[in-house]
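Only one chain is given next, in structure tokens, and it is the form predicted on its own.
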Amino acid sequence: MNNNSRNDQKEISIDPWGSSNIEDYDDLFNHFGISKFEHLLPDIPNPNHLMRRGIIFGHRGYQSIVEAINSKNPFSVLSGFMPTGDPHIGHKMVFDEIVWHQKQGAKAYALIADLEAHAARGLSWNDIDGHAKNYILGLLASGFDLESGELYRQSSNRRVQDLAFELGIETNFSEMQSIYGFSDNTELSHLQSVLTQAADILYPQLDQPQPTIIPVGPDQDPHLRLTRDLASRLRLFSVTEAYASFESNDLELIYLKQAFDKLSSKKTPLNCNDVLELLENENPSDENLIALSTKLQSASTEVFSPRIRIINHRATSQLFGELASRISEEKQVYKEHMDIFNSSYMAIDDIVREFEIEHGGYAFYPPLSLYHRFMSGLTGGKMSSSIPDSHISLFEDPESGYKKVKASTTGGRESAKIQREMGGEADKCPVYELYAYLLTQEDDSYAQRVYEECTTGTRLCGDCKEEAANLMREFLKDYQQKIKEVEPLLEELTLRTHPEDSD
């Protein structure tokens, strides 16, 4: 890790309801296990501009989505919107991510997190209803296809509420305190809204378990981590990879696979001492190997060979025995787990999921996540619905949008003379972000030209803001025309307002 000294001096935390910005995205890779996205780009057919320009920067498990896209296997996409205000240009980024995945073959889900808005932010149901309608219009204007997608409100989706109740059985208040920093004064409805959001994330899998991608900002990562844990707790069985009697995490499995590949051609059979010797010789100071070395040392002369392991979590002994009898591959069956040899992970995982569903289990896949950078507020900091001057609403008067861009902060230097000499700081400029995130859409050459002209000093802030302001005005005019065109689609939806508002 390159940032040890700095990271040791501060506690990294993420607040899903806060307004703090992310100062260093590398901290998310180092502290929360988020993987870099750029390595996946070559395998993605027709990546959108958010992917190509590094605005989508990280992921958990997106390889499964890439495989599903390329093989045309079923997968889903879901994201939610808390209606605390009207959708702004930052939300348009998430709309586009949902629609892009839908066009790649995903079943698309978008939800209005009205229960969360009421519980965590204290909004009235009347305010929520008005904002919810505008989020739905924004999604439809962005191309959301109702024939291959579903829009819903948390408060009117009974299946989500029932699943949230089941998830509540699998967690407790101390866990909520650890993840979210809840105190003794936290309202129970706020806790319930967290469980409802976890149920939202798993909702696409209720009818058919399948890989599901959740596009979010990094501030929502605590919800994803909690839901991944809850998904595994609801499984009757888990399927893992192993090489000996002990369990290993994902990073340890990489080391073990590499060791097996190197040693298996030289010696058969291998034992754990052989692997321990190799790893210690090749990685003498690797802190990631401390726990793994202890496991290998304890296993000692135990045979080291790859196997797929099925662990019984919630099934009866009889049901576990029935599953074992269904698997014809070479196996060793123990009291609460079995090891299967000479078979693929995918083949065994499919058998287990099918068996679990037959016997009333959920068979959830852990939810996958895709992370985009925050769009900076026009006044600096994070763009926020609660700070009117920091954002431009998708329903804002186009002339107002023009004026906000003209009044925004920039990454310019102290004077035009210095900027011509040193260049502007496009990477710190909210106006450049408007080009990269929104205004140039699929035209990479346009976005690149703006960046290069800025950083080389040939583009000055006044002209740049005027150009962006004109583009923003035209974008809002065009987008609001699309909103008018999709308004009749609202009549096709069964989304209803909260019962209290029907009087």
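Residue numbers here begin at 1 and follow the sequence given. Computed from a predicted model, the values in this text were never measured in an experiment.
Not on display, but discussed next: the form predicted in complex with a small molecule.
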Task: the small molecule contact at residue 200 in the predicted complex, heavy atom, 4.5 Å - done: yes
TODO: Using a 4.5 Å heavy atom cut-off, state whether residue 80 contacts the small molecule in the predicted complex.
DONE: yes
Open item on the list: I'd like to check something about residue 155: if you look in the predicted complex, is any of its heavy atoms closer than or equal to 4.5 Å to a heavy atom of the small molecule?
Closed with: no
Open item on the list: Would you classify residue 385 as touching the small molecule in the predicted complex, given a 4.5 Å non-hydrogen atom cut-off?
Closed with: no
Task: Interface segment, criterion being heavy atoms within 4.5 Å of the small molecule in the predicted complex, picked from 264 to 272, 173 to 181, 106 to 114, 373 to 381 - done: 106 to 114
Task: Partner-contacting position among 220, 343, 245, 248 - heavy atom within 4.5 Å of the small molecule in the predicted complex - done: 220
Task: Contacting member of 164, 226, 348, 214, with respect to the small molecule in the predicted complex [4.5 Å, heavy atom] - done: 214
